[in-house]
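Read the single chain below, which is given as structure tokens and is the form predicted on its own.
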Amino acid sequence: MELTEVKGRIFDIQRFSVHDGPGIRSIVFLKGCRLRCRWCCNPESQEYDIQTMNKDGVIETVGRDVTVGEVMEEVEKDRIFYRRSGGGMTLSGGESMCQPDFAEALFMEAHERGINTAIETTACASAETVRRLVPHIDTVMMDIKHMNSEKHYTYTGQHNEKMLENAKLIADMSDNFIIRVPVIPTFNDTEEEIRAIAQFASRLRGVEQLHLLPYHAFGTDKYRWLGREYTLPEIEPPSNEHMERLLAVVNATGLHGQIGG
């Protein structure tokens, strides 16, 4: 089968992003994720199934099946901006590694066309999938949410051992590997918790950057639209002062930290 004919399921393509990899990028959001992070701002990404959202009486279908060729037709529209800014295509989700055939074909086709590739991932996948995809990815941005496996399970529905092992594997394979930490009050926003993540990241080969992503509540309405309960209703975004303290903790490990990604 031609790469352009490989099919997958997405729920959005966002153009002109400057926060999801180097330069100006097109973000392709894939359906499906094994995690159920309680703060997830894209709950419509979690289920692989095509869903409907009831936006206060307006019914919207979430998810569509597309070919690699159809995605690349949209991505190609901004080629001039990629060239000028060093940007390209980023796969996000959901978890792109849950659709490895589609993700691999997208990355390979992008490279065939001279387009830079990146991924936002939790690496909640098999080591085989990681080994298959990483050679086709120019920048890997991986979330590490917590070092304590039981707390990780309580808030995400998955233990973290596989993901941490995959982080080591990615570090051995990738020349541009960035660790990102969503900072979630009540879950991982203490200096001790961030220090533990930063110390782990600092021991990964070639990892120099760690991005702290402050919690926000922008996606909470989506839970209501999907008929779901948002289970962290009481928490507030961390203050700028608190984020600066956490940033200092990261920098003290020798990594280059930044707030936002």
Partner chain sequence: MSWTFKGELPKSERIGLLIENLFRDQPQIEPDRALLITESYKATEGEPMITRRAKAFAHILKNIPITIRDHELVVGASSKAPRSCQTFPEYSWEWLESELETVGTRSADPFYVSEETKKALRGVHSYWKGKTSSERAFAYMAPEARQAIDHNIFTPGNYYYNGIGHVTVDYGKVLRVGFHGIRREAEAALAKCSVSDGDYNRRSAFLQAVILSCDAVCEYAARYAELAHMKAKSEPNAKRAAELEQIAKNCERVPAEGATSFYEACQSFWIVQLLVQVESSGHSISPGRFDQYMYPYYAADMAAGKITMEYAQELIDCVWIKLNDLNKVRDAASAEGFAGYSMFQNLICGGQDADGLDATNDLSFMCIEASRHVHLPQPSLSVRVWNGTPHEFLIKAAELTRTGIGLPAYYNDEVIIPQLLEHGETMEEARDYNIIGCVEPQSPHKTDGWHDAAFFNMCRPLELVFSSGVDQGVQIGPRTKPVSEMGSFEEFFAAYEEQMNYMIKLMVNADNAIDVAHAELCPLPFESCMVDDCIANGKSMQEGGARYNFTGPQGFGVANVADAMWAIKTLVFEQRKYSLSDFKDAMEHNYGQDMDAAWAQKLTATVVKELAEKGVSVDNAQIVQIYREIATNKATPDQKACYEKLLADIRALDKFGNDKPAIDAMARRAGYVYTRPLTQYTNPRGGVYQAGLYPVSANVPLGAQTGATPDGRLAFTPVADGVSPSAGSDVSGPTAAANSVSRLDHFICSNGTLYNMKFHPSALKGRAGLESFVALVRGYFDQKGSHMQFNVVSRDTLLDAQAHPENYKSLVVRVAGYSALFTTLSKSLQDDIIKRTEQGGF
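Positions refer to the first chain, counted from 1. Just so you know, these numbers come straight off a predicted model, no measurement behind them.
There is another form of the same protein, the form predicted together with the partner chain; it is not shown, and what comes next is about it.
Each of 16, 80 and 84 places at least one heavy atom within 4.5 Å of the partner chain in the predicted complex. Stretch 72 to 80 is the contacting one of 116 to 124, 185 to 193, 139 to 147, 72 to 80, since its residues have non-hydrogen atoms within 4.5 Å of the partner chain in the predicted complex. Using a 4.5 angstroms limit between non-hydrogen atoms, residue 243 is distant from the partner chain in the predicted complex. Of the heavy atoms in residue 24, some are within 4.5 Å of the partner chain in the predicted complex.
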